[in-house]
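Listed next as structure tokens is one chain, alone, in the form predicted alone.
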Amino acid sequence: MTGPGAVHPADPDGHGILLVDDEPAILESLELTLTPEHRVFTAGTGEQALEILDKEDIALIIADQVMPGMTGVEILEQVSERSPRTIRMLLTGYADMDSLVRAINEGRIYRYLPKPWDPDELRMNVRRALEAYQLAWENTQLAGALAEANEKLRAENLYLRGEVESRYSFEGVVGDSPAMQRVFDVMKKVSETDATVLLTGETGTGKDVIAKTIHYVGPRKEKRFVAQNCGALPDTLLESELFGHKKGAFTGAHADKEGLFQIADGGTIFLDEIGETEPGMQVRLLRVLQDGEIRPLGSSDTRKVNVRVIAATNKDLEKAVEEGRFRDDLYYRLRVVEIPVPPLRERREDVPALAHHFLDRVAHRMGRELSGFTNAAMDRLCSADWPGNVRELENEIERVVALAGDERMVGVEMLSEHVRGGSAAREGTVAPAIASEPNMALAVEALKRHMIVQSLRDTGNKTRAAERLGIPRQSLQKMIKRLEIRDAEIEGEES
């Protein structure tokens, strides 16, 4: 027989079982029943049991109720305080209900075992107790992992919110031109209110960025900002997207769906290309703006929503109203505050700042080390017409960065053909672009380039071109280098 305090080899699960009884024969019998499958410790007194508990990882303790010194209930009470996760079982040969009730209430025992016990029943009870211990341990681990994940997610959300708010702040909208300063002035005033805003302007002028900025610097920034292009969906699908639908409202509606107005409740909804909506949809939108109510498709119930509406269009809505294609009452509801967003050709002085802004952001994302633009490259960017406006400029910079390789500066040769103006220059069509350039410094640079290219093409060499231009040949060579005029632009050049 193994004496008190003995330990047997570990079981596969590694769970320790502590047996406490002052009768050696009972301890031996319990050991023989459990040892083949489990890691067993034995103790003849409560004091000895608590010493083992402090040193070992005990999953289950089985204590006899009647012992000299500390009773089983008293031992289990201390175990409950020292090792709350340990499963506690009481062994008793007495039908003493008072003791059992006390053990259940104060010692919080998992189960009591009557003497004499059935070996198979004992093994089953022990197995179930250890399963409960393992489950509790796993739940604790999962709870810890979940708490850690939640904290990480909270931190990431705070970081992302900070990123969004910094990107969509007034500092994030690039432009120092007088035209953009007028836009900023209105944005700052309207962002402090809940007024409905109508953004007008050509495609690609950045109306979506302005809408997000108004939201994220305003009082609704803690709530959702959602956007929908009204021209991207047919009328029925757009209605479902904006107002939601009930299950069975139409073919394919297999479940209830919340609309964007519900999702944005308390926040802002951005309705892009509002001029593309049909008359039926215009009526539904008018109801939201007038009454703050929506009705999901297929439902007879209306729901109140508190949503700020910012709309945008590249159409002439006033003309559409005159022609009967757009409701006048909706038009006046939308244009509580109208912000016309100027095209890029009307604020060319913003091109350098925009180009550097996009270059820094895209180069960082793509892992490139581009530090800026050559003077000639910037001249070309500033003199281009940009019919696609800011979006086209951004796409051009992204293309340049993607194809930059190991380059450190963006040169003229890295720009797209239509931006370089190669074909236009060869056809002698640069002059109109110069004439339309409002910035005098940029117009002068463009005119210099045009005159040099034309003179070299007409005379056939640099010496005669310099004489024609009235400048030294050395000065002409320096200007060709500074403006990055390529041989391909000059047909028939001779040294």
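From 1 onward, residues are counted along the sequence shown. These numbers come from a predicted model, not from an experiment.
The same protein also exists as the form predicted in complex with a small molecule; that form is not shown, yet it is the one meant from here on.
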For this session: Go through 280-288, 387-395, 119-127, 252-260 and give me the stretch that gets within 4.5 Å of the small molecule in the predicted bound form, heavy atoms only.
Result: 387-395
Exercise. Hey, in the predicted bound form, does T193 get a heavy atom within 4.5 angstroms of the small molecule?
Worked result: no
Exercise. Is there a heavy atom of N314 no more than 4.5 Å from a heavy atom of the small molecule in the predicted bound form?
Worked result: yes
Exercise. Hey, in the predicted bound form, does H357 get a heavy atom within 4.5 angstroms of the small molecule?
Worked result: yes
Problem set entry | Touches the small molecule in the predicted bound form: E74 (any heavy atom, 4.5 Å) | no
Exercise. Among the candidate residues E241, D379, E276, D208, which is the single one with a non-hydrogen atom no more than 4.5 Å from the small molecule in the predicted bound form?
Worked result: D208
Seminar exercise, completed: As a check of understanding, the residue in V174, A320, A404, V337 with any heavy atom within 4.5 Å of the small molecule in the predicted bound form should be identified as V174
Exercise. Is it the case that M180, G204 and D272 all touch the small molecule in the predicted bound form, with a non-hydrogen atom of each within 4.5 angstroms?
Worked result: yes
